[in-house]
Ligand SMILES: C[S@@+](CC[C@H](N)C(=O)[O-])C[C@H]1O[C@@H](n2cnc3c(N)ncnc32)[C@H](O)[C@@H]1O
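Only one chain is shown below, in structure tokens, and it's the form predicted on its own.
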């Protein structure tokens, strides 16, 4: 069967199931099944029986709400491909703003700490932009750290990964960057099935208020670590509360909007 025909059939299945971006997802899954480039896919490549069986398996998984990133085993972030698995949160486009803002703030020989590194996408992207600095990623999850290390090796980056609750194992930091869990516990059940049933809940659960971990990290930075700058991704409606917490720690603050116009990143500076 032609790959394009198989992709079209899959698109119709995904569309009927209410899955967004069904055309793109169908193409990606079909190409993955046949190990095809985009050019090969549109040039009329065929899928043999074994490849069609693989595609059927991928379709079955996607129709059960398994995220396509886990089926493909990878997700693009900041122009780079990162291996992902259910042990880490899938990188989101809005988090690229965090990398964009922080990369312009890093000086040579700075020590930059990525708190809650997950797949390592933030730390590795920052290293790719500013390789003269020391970058360390921390996470409470051993499985996440293993995934981050694999990605660091894949991208030939020199990053240290440390198992730590927030920054508790860190003694020196010039810049702290973090995309921590910020969804209130009582809102987790309202998340789409492909998130709540597949992605690691510990990487989503921000506690009763949604900002408990963020608050703890801000307090630690203001009272102990005293970095030059902290950059935090936050959830909808949380930015002003986070800015207030930073101001209580004597930091000046900035709020930056993502492409959807949502207050997405809060930066705190200490002189």
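Residue numbers count along the first chain shown, from 1. Computed from a predicted structure; not experimentally measured.
Not pictured, yet referred to below: the form predicted in complex with this ligand.
Of the residues given (165, 155, 107, 134), 165 alone sits with a heavy atom within 4.5 Å of this ligand in the predicted bound form.
Of the residues 188, 140, 101, 80, just one reaches this ligand in the predicted bound form with a heavy atom at 4.5 Å or closer; this is 140.
Listed stretches are 121-129, 188-196, 147-155, 68-76; the contact stretch with this ligand in the predicted bound form is 121-129, by a heavy atom cutoff of 4.5 Å. Shown alone here, residue 203 lies within 4.5 Å of this ligand in the predicted bound form, counting heavy atoms only.
Proximity of residue 159 to this ligand in the predicted bound form: non-hydrogen atoms within 4.5 Å are absent; the residue sits far from the partner.
Taking the partner from elsewhere, residue 229 is found to have every heavy atom lying beyond 4.5 Å of this ligand in the predicted bound form. A residue is said to contact a partner when one of its heavy atoms sits within 4.5 Å of a partner heavy atom; residue 89 meets this definition for this ligand in the predicted bound form.
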